[in-house]
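Taking the form predicted on its own, here's one chain by itself in structure tokens.
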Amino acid sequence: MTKPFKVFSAGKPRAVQQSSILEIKDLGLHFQVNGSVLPVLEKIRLAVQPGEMMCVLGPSGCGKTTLLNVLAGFLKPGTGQVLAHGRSISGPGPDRCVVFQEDALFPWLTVAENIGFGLKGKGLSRRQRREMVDRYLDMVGLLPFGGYLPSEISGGMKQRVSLARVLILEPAILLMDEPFVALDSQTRQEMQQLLLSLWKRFSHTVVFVTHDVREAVTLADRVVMMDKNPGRVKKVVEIELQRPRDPGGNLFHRQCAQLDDLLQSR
């Protein structure tokens, strides 16, 4: 029987376990805008466990993407500390790969060439690279499309290519910035299920930014609810619905409604 979900206050985060793969300790960040200081993130405290699917949810302007960029190593903390595998993040690393809103594929390379691009310089033979690319093409359902250019495939297919391109690098952590936001409803649901199946297969740690409550409930083990001005953790909600989750079920709808209430409350 499915248990009721739990809500953790931002002021009382769950205890950080020694096995935490990501730790955010009192993270703060500000930008200089027209000579003024703009606080963007304030006292973010989180711990992400290996193999966890965590969604970051909140209104526009709350710093979701900025937080992801700090985890990726694209931005440095202003205050506090961010750790991956117990070590301070000083820049991008092969343990952390990012899937963006835009597919960011090389338009002059084929689907297969885009997926295999990151394998160059890894000491693999051409045959080994081809076999790996074919395997990941098959995983994301694109084996017949390896010779196509990005301009010749749909938006959903491009995001499948983007996903395969990072998975083939075997990162421990996937950082995903609203990767399905531009897709139609049916394709978006298909991509969510594909992500869940690959996550179950590989046990990656996933931090997934979204502004969609249903997407968060579909995917997450925990949802980090953020507030803005400046961006901070408002609540952490543990989703205890059993998998596979029924999007038409009463418990699913009740969970969505309670997240909606948190999103709208001040």
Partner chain sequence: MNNARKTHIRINPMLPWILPAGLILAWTAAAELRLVPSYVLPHPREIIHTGYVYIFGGPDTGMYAGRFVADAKASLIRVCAGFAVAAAAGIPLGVMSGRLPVVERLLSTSVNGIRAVPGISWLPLALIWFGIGMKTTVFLVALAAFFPVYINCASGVRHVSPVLLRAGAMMGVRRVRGTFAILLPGAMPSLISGLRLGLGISWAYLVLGELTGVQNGLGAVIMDARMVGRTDVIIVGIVIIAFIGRISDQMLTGCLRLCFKSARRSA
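Note that the structure is a prediction, hence the values are computed from the model and not measured. Residue numbers count along the first chain shown, from 1.
Below, we refer to the form predicted together with its partner chain, which is not included among the displayed structures.
Taking Asp138, Glu152, Glu170, Asp184 one by one, only a single residue has any non-hydrogen atom within 4.5 Å of its partner chain in the model of the complex, and it is Glu152. Its partner chain in the model of the complex is not approached by Arg160, whose heavy atoms all lie more than 4.5 angstroms from it. Contact annotation: Gln192 falls outside 4.5 Å of its partner chain in the model of the complex, judged by heavy atom distances.
In the model of the complex, no heavy atom of Arg127 sits within 4.5 Å of its partner chain. Contact check for Cys97: a non-hydrogen atom falls within 4.5 Å of its partner chain in the model of the complex. Picking from 117 to 125, 80 to 88, 130 to 138, 184 to 192 the stretch near its partner chain in the model of the complex, with a 4.5 Å limit on heavy atoms, gives 117 to 125. Within 4.5 Å of its partner chain in the model of the complex, a heavy atom is found for not a single one of Asp227, Pro244 and Phe252. Scanning 54 to 74 for heavy atoms within 4.5 Å of its partner chain in the model of the complex gives Asn69, Phe74 in sequence order.
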